[in-house]
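One chain comes next, on its own, written out as structure tokens in the form predicted on its own.
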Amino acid sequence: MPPVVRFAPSPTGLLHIGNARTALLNALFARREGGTFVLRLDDTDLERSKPEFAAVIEEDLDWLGIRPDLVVRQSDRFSLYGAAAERLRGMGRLYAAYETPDELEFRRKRQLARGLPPIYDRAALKLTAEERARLEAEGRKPHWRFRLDHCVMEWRDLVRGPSHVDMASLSDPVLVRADGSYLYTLPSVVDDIDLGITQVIRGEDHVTNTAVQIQIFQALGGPVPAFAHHNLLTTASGEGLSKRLGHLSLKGLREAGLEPQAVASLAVLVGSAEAVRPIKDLDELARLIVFAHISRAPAKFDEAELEHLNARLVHELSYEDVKERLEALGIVGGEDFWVAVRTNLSKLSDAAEWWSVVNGPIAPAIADPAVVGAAAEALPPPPWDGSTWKGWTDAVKAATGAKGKALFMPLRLALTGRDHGPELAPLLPLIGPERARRRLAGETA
């Protein structure tokens, strides 16, 4: 059966590259296996969820090239969660509890002081009908806890291998708050059942939810999906990524001019058995995903590595890959220009600087008047091509005796106004005889 997977961000902030890792692993796995990729916006927190964040999430995924086959919003699905909660109440698996946060904290500290694990003691299950009525008469509204079966839950994680949790070591989780709103756990399971999710691919920070969720799947009679908990990305210094780190957001990386395939390559390959390298094609990147080969250790995200990867990718792009984007930047130098400058670029947008050098006007720098003057006198007649540079510089060398840096740096400064840049042999015909003559004369051209 083709897989159905989901990426389930909360629209309460901007996605970062760690979120991109989860989204890409889901989307590319579905792509490779002919399955369905669902974007589920976990927006049950109506106060913190914002439509503008939801819109940017879809823009980010589109930029990465992983458009979802289906988009659902949890805020449209409250009736499903209410029906599931009622079923669990009817089965005796969801029970009312009346403790305040302060009372729960007091009990937790008391258990710790006694050397006991700080798990909920199920006191609410011992309440009589009269005691519940008295608490409600005091104005207390219950929150609702899922009664766990105290057994050892086992599952085979696609990344982590055989896994288990002793359920007696966990507190019965709260699924419904006193105000009637839902915590993450119940809506997530209900949606996974309703949408037919076959694999839950997510970060390892969700491992602790898994055993509880399996019991809820079983209680509701839904098929239990396979789970794959991948390692998390951290900053280069080992700190966890956060939506608060705006400079690491996908929106920020996009606006900085990075290539989506560079971001995708790093997000998928870092912390796996594959060497991190630029992968231009998403289908090829999908073929490299092997869940069992993902490391258990956190993977460090280094911005410098991303920039290096981006430059390598730009250097490999053909003119057909970039033609429309160059024209959108006002660069109409064609393939000759792109081939001349691409290996000198860190980002595609850097091409604009070299187009201004070719197209002018620029202020030349005359560092050695003797060499530059001799070069002006030796300028060959048009037409110019890729061989013009060697013949011209050989003539200047013969006339002046200058060679190496003493020959080439004065010419570079005069022709481009810069002391570094692309090879001048392919750049010279683009600059052309008239601009070259004026620049060698010290004129702005």
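Residues carry their position along the shown sequence, with the first being 1. Because the structure is predicted, anything quoted here is derived from the model rather than measured.
What comes next is about the form predicted in complex with a small molecule, which does not appear here.
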Please run the contact check for R6 against the small molecule in the predicted bound form: heavy atoms, 4.5 angstroms, yes or no?
yes
Is there a heavy atom of H206 no more than 4.5 Å from a heavy atom of the small molecule in the predicted bound form?
yes
Using 4.5 Å between non-hydrogen atoms, is S188 touching the small molecule in the predicted bound form?
yes
Does the 4.5 Å heavy atom contact test between H143 and the small molecule in the predicted bound form come out positive?
no
For the spot marked by D42, Y184 and R202, is every residue within 4.5 Å of the small molecule in the predicted bound form through some heavy atom?
yes
